[in-house]
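In the block that follows, a single chain appears as structure tokens, in the form predicted on its own.
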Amino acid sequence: MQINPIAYIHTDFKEKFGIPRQSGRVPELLGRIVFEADYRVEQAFAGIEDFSHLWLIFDFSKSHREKWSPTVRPPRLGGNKRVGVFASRSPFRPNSLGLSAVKLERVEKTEKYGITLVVSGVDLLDNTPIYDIKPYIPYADCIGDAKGSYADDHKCDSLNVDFKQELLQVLPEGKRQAVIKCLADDPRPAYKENDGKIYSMSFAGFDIHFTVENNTAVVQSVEKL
């Protein structure tokens, strides 16, 4: 079976570093889904606005490899412990398919692209191919007593954020809270400690440099790209 993208999502992340590790962790992050010409059919979206959330089936397009590995190193385990690829959400998979739950903010009809979907809580790279979209069904998709193995041990991992007001004001007002929460989600590899290294996160056309000191992300500079 051959599948082709039905759409591409546009987000503020041009690079993988800094993207939240799961969808929904930063509700302020927005994305716009623009459909390919063959799928800009209004009837295909009839009733979609009655759902609050959607599942996106997408392509880890920057993680393609010629061969797949049966084991991977999840970043939350420090990068030094292997688990089975099917016991992880690693982007390095046999078919590089990903699944993400996002909130549907609104349906917009545009002159250039027809129907587009504005979604929030995204965890996707800009221009990620979307293969399918399905509505999120709360009674079926939310399993209250489910166990998350090693992921449960790290669901509350976070950093404090020291973002001086004069630096924060360099960013557009609508982007500030999203940046703060992305930094709080700790984009560094899990094996990194407070090593004094200056990290660079590209977001919404800006380069944000920060260090981590005593569990606090300290923003050093904000530069327009």
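Fair warning: this is a prediction, and the values are worked out from it, not measured in the lab. The first residue of the shown sequence is 1; numbering continues from there.
In what follows, reference is made to the form predicted together with a further copy of the same chain, a form of this protein that is not presented.
In summary, among the residues 10, 25, 209, 14, the only one with a non-hydrogen atom within 4.5 Å of a further copy of the same chain in the model of the complex is 25.
In short, of 159-167, 59-67, 196-204, 175-183 it is 59-67 that has heavy atoms within 4.5 Å of a further copy of the same chain in the model of the complex. Of the heavy atoms in residue 53, some are within 4.5 Å of a further copy of the same chain in the model of the complex. The closest non-hydrogen atom of residue 6 lies within 4.5 Å of a further copy of the same chain in the model of the complex. Remark: residue 80 does not count among the residues lining a further copy of the same chain in the model of the complex, judged by a heavy atom distance of 4.5 Å or less.
Although the partner is absent here, residue 98 sits close enough that one of its heavy atoms falls within 4.5 Å of a further copy of the same chain in the model of the complex. The three residues 43, 135 and 155 all sit with a heavy atom within 4.5 Å of a further copy of the same chain in the model of the complex. Contacts of stretch 83-102 with a further copy of the same chain in the model of the complex, defined by any heavy atom lying within 4.5 Å, are made by 83, 84, 85, 86, 87, 88, 89, 93, 94, 95, 96, 97, 98, 99, 101, listed in sequence order.
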